[in-house]
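Structure 1 and structure 2 below are two forms of the same protein chain, each written out on its own as structure tokens.
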Structure 1
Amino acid sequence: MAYVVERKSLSLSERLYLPQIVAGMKVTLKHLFKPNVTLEYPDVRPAIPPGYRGVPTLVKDPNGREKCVSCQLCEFVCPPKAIRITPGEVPADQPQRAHVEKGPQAFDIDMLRCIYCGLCQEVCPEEAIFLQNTFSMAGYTRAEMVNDKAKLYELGGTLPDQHFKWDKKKAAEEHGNAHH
């Protein structure tokens, strides 16, 4: 339906224009003395809210054990195929990891391909891969932009475990209930 927008005629002060400018200048003067709203970025870092999807990293459990079991689900789900995993056996001289059969021999995430979608974190059955709060990555070469396993653990660190899945499983086994 067509309708007519009523155009109010300007008031005297609006027609004079100068009072309006003075009002504007009052606003800008107030802003002159207000504290800055910007961060001085490299010196001051923004607070990262929880749930932020930064650079994907690998994490260890509170016992310092590698969580990833090299199931390669993340490699499979990753839309731009940024993840490359070479599965390997868990060495026999690491009894604290005896609860799992495999671990990654090499784990590369190509950050030039990663789109920060978070699917790897979503899909991981071991909660071993997390997108954490690192948001700026820079490098001089393409090779530098590929995070290898050591770098991924360095970035990831240790996260508190919500489930202690393997401890529970071990306890269940000790009770004679393998399927817990």
Structure 2
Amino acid sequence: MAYVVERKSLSLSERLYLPQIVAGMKVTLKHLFKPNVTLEYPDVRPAIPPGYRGVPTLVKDPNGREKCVSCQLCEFVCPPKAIRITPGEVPADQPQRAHVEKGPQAFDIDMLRCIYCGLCQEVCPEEAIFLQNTFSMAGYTRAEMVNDKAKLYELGGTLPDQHFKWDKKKAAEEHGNAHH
């Protein structure tokens, strides 16, 4: 047996939707004079909180030398295996790096695999990897999202080195103390 529900008829104001339109205009006017809570990204960038972990990059020392000695600790500690390093010899035309045994021939970070955990930065004994504040990367292909050595140095640049480890080691070697 079918049950029939009878609707009561709408009043004149309900038929004209006036209370709903006035309520909507009230909300619009209330938000019109409030300060904006959104940003016009990418023209306006949000403030990055301290301790933010962005894109991993390679950095050079203040003398323009590669700090990476291709020890591959970052490659071994990377949980998603996003880092690939091919160790190579240090070129003979770089006497300022003569005390270094190896350097990276190829250094790739797959940004589609990277989880921004920061373990590569923590484990690096030469402080050659730094996570920058860059948070937006774009590319049309998967190959564009793999940062090679040149791009990693371009993103990282040169950071001030407070330890001057290589300079101290070189000075110690010149003074006959090779184990400094």
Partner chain sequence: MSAIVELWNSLHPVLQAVIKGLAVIGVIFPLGGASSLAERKVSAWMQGRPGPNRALPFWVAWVPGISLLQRLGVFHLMADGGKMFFKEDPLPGHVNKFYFLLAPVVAMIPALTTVTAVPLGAYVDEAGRVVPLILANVDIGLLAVFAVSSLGVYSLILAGWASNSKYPFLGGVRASAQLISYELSMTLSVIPVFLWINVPGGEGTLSLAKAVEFQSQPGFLGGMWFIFIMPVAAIVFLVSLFAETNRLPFDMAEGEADLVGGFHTEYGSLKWGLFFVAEYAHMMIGSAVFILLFLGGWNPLPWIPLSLVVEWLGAVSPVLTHPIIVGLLSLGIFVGKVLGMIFVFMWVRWTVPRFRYDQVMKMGWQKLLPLAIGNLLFYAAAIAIRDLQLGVAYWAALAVVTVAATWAIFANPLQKPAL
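Take the two forms, superpose them, and find the largest set of C-alpha atoms that agree within 1.5 Å; that set is the rigid core. Everything numeric in this text was worked out from a predicted model, so none of it was measured. For numbering, take structure 1's sequence and count from 1.
In this pair, structure 2 matches the form predicted on its own, whereas the other structure does not. The Cα position of G51 differs by 2 Å or more between the two structures after fitting on the rigid core. Core-superposed comparison between the two structures: the C-alpha position of A143 differs by less than 2 Å. Once the cores line up, the CA of L32 ends up 2 angstroms or more apart between the two structures.
In the core-superposed comparison between the two structures, the CA atom of R15 travels 26.1 Å.
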